[in-house]
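Okay, here we've got a single chain as structure tokens, the form predicted on its own, with questions on binding and movement later.
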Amino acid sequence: MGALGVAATVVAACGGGETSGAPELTWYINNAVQVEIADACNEEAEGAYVLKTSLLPNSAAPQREQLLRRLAAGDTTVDLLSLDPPFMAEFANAGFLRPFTAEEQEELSQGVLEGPLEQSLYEDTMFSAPFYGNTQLLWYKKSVAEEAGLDPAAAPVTWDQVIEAAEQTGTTVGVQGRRNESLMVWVNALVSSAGGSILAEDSQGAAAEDVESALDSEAGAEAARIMSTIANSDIAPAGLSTAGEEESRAAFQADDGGFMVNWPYVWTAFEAAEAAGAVEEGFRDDIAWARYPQVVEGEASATPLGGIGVSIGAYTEHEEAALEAVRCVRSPERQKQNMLTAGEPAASAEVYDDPEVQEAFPMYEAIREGLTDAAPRPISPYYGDVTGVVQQGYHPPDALDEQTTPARTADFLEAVLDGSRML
């Protein structure tokens, strides 16, 4: 299918693109696998449009910078863009995205899980059609949990229970302590799970100088306590303060790895590691998963949320064709294709009922639950400053103080937003 799609694109381009009658659209993608999605949509379009792709950098921050530069210059070639949801509000507030109409919003919301849907809206208007979501799970070695007398499959567990189990068994807890968006995901999940938030509830849509931080709270202190406890104990993997998702996976795969929070992609990565001989054959037989740990015992965790939405650039010259392409890209069929090829969980609930998806992702129920109960990162046009301050305030994890870190970070955040201090 992919080869045919590419061929169709080439033929259309050689035939003159716009001059052949089919509008040429450019989709700025964040993963090379999305080329196959574009190919499939070109086949389905049957000449109504030609969807080309342009691959963005790997990480979220440079993706944001490249797209902002293009749209700030009024680039008409940005027809579709794969956008990291935390940056959606910033783009929307700047007028860089075409808002979906009320009718389109209702159509594109059908069957979408709550988490991906919530992060697609800014001031109740959809600016990014949910394409795929993502959530973190607690991964653990069954042999380690059994030795510690912990059964995360039977009932939700707390961070303190995970820490105690790792200490008891001499194993590690893999987390993402690197000062980048991964750290922000961790802090936001901890604060939200403790019943708090990084920004005050009424901050969405407020002027920068009027935005207040809610970090100076018991929830902000609990986040600092848990992060500091892990970082300052023997259960911290080597290099925790610079560890991203892959470093966490490597630590978990080591002989002393016991527990880890990470995205579902690790399951297919474990399979590849087995095939490559990086871990023993049958490594996955000892691996299990459960819901993200609770901060407060008995209170459901607010699971981390990631993913990608597909937006239409405000300066596209092919608005109707771009809308049709968005409909195709985020259709349940294409979401399933993306989930099976890229390992990125679908935003639509119905995809999880598919037998192929259930076979490939045996933890599909935990993923679907996580995407339903997830806590989006702050939806704010100033998200770039918000995440920058939080990453600075809560790093390195071994230097955090539950008594001072929340207040210091909150004060710094409000000062950066009102312009009295520089990030």
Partner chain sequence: MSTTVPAAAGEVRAEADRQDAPAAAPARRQRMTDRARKERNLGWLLAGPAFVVMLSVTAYPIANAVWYSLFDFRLTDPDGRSFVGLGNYATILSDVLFWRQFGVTAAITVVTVAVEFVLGFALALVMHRALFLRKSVRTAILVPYGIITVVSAYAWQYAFTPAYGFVNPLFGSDLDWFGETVPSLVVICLSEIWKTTPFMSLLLLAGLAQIPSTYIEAAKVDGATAWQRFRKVVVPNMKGAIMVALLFRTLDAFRIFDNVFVMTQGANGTETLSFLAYRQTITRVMIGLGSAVSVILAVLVVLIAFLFIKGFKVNLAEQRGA
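Values in this document were obtained by computation on a predicted structure and should not be read as measured data. Positions refer to the first chain, counted from 1.
The discussion below concerns the form predicted in complex with its partner chain, not included here.
Contact with its partner chain in the predicted complex, judged by any heavy atom within 4.5 Å, is made by just one of Trp27, Tyr364, Tyr382, Tyr49: Tyr382. Gly239 is the sole member of Gly111, Pro332, Pro99, Gly239 with a non-hydrogen atom lying within 4.5 angstroms of its partner chain in the predicted complex. Listed stretches are 62-70, 354-362, 30-38, 49-57; the contact stretch with its partner chain in the predicted complex is 62-70, by a heavy atom cutoff of 4.5 Å. Its partner chain is not shown here, but in the predicted complex it comes within 4.5 Å of a heavy atom of Ala94. Interface residue remark: His395 is counted as part of the site for its partner chain in the predicted complex, having a heavy atom within 4.5 Å.
Proximity of Lys142 to its partner chain in the predicted complex falls outside the 4.5 Å heavy atom cutoff.
Although the partner is absent from this view, Glu90 contacts its partner chain in the predicted complex, with a non-hydrogen atom inside 4.5 angstroms. Each of Val416, Gly419 and Met422 comes within 4.5 Å of its partner chain in the predicted complex, counting any heavy atom.
No residues of 318-351 lie near its partner chain in the predicted complex, the criterion being any heavy atom within 4.5 Å.
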